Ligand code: GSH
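What follows is a single chain, given as structure tokens, in the form predicted on its own.
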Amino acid sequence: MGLAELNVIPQATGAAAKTVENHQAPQELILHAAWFCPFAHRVWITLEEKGVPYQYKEVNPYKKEPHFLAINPKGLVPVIEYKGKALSESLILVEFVEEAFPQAPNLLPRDPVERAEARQWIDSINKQFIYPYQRLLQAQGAENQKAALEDVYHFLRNFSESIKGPYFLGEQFSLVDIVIAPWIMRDWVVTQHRGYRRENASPRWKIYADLVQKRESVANTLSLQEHTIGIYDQYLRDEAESEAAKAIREGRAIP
């Protein structure tokens, strides 16, 4: 099943389309992404925050071009092409951008202990939040959905207790905020279909999520909701064939 069959257009829309348009000129760094992918969204936000010159190239995950498969045989987005090398995995890529382009703003603390603590939270988001969130999205039946929702709330309550404010590490927007931002921007799906409410996680989480949602780099890399629901319908029915969806059904880690 391709994008057309899912009633999904093949390119970014809304604010994200304008950002794509501004990044079509050839650059040393090329971001290969799918506009609707939250993992690719992490890297896109990072590039925007750092002000790094980049060229955006859209990847149709249902019809991958030969060049993309040549540089990334797994066929998964996001991928960064830089100086003749192809790099992948969203968490590796956001740190790569931070390290390869050390100009301000700094997205990780300079202090090594604080930096390690930030990385611990980034790891926790990936391991303890993304999986139950994805499980909530795909869960069938009221009891399964309720259990998954409670797991999501449990993580978000713990996370919220450590928010220094206004962003997770304080005044500076950081990679901790970036790695969770794409799921904040897409939580309307579980709000509409799974009973999720930001305020039910905690009032502090709602304040934080509402703030992250307004961040320019986050909002300007997001497409319109009406062009995204076709993707999520297949997850809500637990019929998606993405690697993430398969991992949830098989009870294994998301690759």
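Note that residue numbering follows the sequence shown and begins at 1. Note that the rigid core is defined as the largest set of C-alphas that superpose within 1.5 Å between two forms. On a predicted model such as this, the values are computed, not experimentally measured, just so you know.
Below: the form predicted in complex with the named molecule, not depicted.
Contact with the named molecule in the predicted complex, judged by any heavy atom within 4.5 Å, is made by just one of L76, L108, M185, L149: L76. This chain lacks the partner; the member of Q145, S174, S90, S160 within 4.5 angstroms of the named molecule in the predicted complex by a non-hydrogen atom is S90. When the named molecule is considered in the predicted complex, Q11 lies well away from it, no heavy atom lying within 4.5 Å. Not displayed here, the named molecule is kept clear of Y196 by more than 4.5 Å at the level of heavy atoms in the predicted complex. Taking the partner from the other structure, the named molecule in the predicted complex has no heavy atom within 4.5 Å of any heavy atom of P53. Under a 4.5 angstroms non-hydrogen atom cutoff, the named molecule in the predicted complex has K64 among its neighbouring residues. Comparing 200-208, 220-228, 187-195, 32-40 against the named molecule in the predicted complex, the single stretch with non-hydrogen atoms within 4.5 angstroms of it is 32-40.
Annotation for K214: C-alpha shift under 2 angstroms between the shown form and the other one, rigid core superposed. With the core held fixed, R197 shows a CA shift below 2 Å between the shown form and the other one.
Relative to the superposed core, E65 undergoes a Cα shift of 2 Å or more between the shown form and the other one.
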